[in-house]
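In structure tokens, the next block holds one chain alone, the form predicted on its own.
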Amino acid sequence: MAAFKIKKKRLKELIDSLTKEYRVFIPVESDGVSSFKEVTSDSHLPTINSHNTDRPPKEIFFPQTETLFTYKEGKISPPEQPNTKYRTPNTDKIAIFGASPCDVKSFSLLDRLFGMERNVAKCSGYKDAYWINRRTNALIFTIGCNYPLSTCFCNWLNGGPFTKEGSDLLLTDIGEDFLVEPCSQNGEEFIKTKGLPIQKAAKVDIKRASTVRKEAESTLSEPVDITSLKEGLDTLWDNPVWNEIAYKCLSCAACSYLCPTCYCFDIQDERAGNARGKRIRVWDSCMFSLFTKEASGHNPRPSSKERMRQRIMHKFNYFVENLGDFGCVGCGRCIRSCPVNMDIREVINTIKNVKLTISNEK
């Protein structure tokens, strides 16, 4: 595919053109926390940090709290759409500008879970209309990570700071410009038909981008081979290693709330008067003690050991078995945000070492 470039000073022009057809979300920093917000009439340029945001953009497609429907006197109605001053006529089309490659890869993984067929080896038989409706016409502008953080380990999971999986267009920061590469048919058509402030890239631009990528990739730690991790976990259900791994976990769930691939949710009905109210879906976490507590009072996961085992088994065993890939993209948010400094990379290495020890003893 041909490569193009756009000057950074023309980014606002590009984003303004997107808002004519899409609801546009960009990375914004507020009170020291970076997350994705919808562009409004008074929005500024996106915050470009060359690494992932504090909060993952999955909430654009899978909100932390969303109304599934309202009901009144036995009649069910779709939820009312939020009002914004900058809402375009076609509210179903979403554009994300500035997502990191790891986060865009997470969209592909959740596509499998929520039943959206997107050229994947395995896909859930269940189809979640709420996710699919938002994802169907989405356009994704990915910005590569020139400066990966020390907590990033995307290269452990077949990723990298410039991975194209799930992207429509990949942007690489090359100084005063971004190199722009279409990664899908949607991306190619967008460049051809929209009359954007983009020009053909020169050989020197492509070479500069190649240098930037090599330098970024060289800063990542050496990847650990985790291809046999799933099989190793199959044998460790009752192993005391889970006590070692979970002993300092607070079950605060910061790791799962900031994880781009976690998707546990609860369903609640909120009454707003006699015979009327709404049904909402709200994020939940397997790390909470109430997550599996039954009405009888029995809890099959009574301690952090069982809950930690569930989290690790789900990401590196069950997800692989059911959907054909690890349920982790190596974004490092769980490492950065853990109040007791748990590091999932150390957990993986601990499991690998225990499995190796067991194999040697046999």
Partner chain sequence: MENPYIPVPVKAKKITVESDDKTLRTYDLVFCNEEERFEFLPGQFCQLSILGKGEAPFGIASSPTEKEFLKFTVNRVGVVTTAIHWLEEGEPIGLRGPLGNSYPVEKFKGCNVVIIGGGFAFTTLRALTVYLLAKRQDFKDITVIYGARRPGLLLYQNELAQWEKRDDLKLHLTIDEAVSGWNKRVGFVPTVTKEVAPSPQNAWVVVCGPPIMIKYTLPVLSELEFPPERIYTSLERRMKCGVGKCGRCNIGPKYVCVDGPVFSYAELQKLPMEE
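Positions refer to the first chain, counted from 1. Please read all numbers here as calculations on a predicted model, not as lab measurements.
Just so you know, the form predicted together with the partner chain exists too; it's not on screen, but the next bit is about it.
S.K.: Have a look at 260-268, 203-211, 147-155, 179-187 and name the one stretch with heavy atoms inside 4.5 Å of the partner chain in the predicted complex.
M.R.: Looking at the partner contacts, the answer comes out as 260-268.
S.K.: Would you mind picking the one in 97, 114, 162, 242 that has a heavy atom within 4.5 Å of the partner chain in the predicted complex?
M.R.: Among 97, 114, 162, 242, a heavy atom within 4.5 Å of the partner chain in the predicted complex occurs only for 114.
S.K.: Name the residue from 251, 292, 108, 137 that puts a heavy atom within 4.5 Å of the partner chain in the predicted complex.
M.R.: Of 251, 292, 108, 137, the residue with a heavy atom within 4.5 Å of the partner chain in the predicted complex is 292.
S.K.: Within 4.5 Å of the partner chain in the predicted complex, do 8, 342 and 345 each have at least one heavy atom?
M.R.: Not one of the three qualifies.
S.K.: Is residue 132 a contact residue for the partner chain in the predicted complex, using a 4.5 Å heavy atom cut-off?
M.R.: So residue 132 counts as contacting the partner chain.
S.K.: Does any heavy atom of residue 78 come within 4.5 Å of a heavy atom of the partner chain in the predicted complex?
M.R.: Yes, contact at 4.5 Å.
S.K.: Any chance residue 128 has a heavy atom within 4.5 Å of the partner chain in the predicted complex?
M.R.: Because a heavy atom of residue 128 falls inside 4.5 Å of the partner chain in the predicted complex, the answer is yes.
S.K.: If you check in the predicted complex, is residue 217 within 4.5 Å of the partner chain, heavy atoms only?
M.R.: Judged by the heavy-atom cut-off of 4.5 Å, residue 217 is well away from the partner chain in the predicted complex.
S.K.: Which residues from 304-341 come close to the partner chain in the predicted complex, meaning a heavy atom within 4.5 Å?
M.R.: 310, 314, 318, 321, 322, in sequence order.
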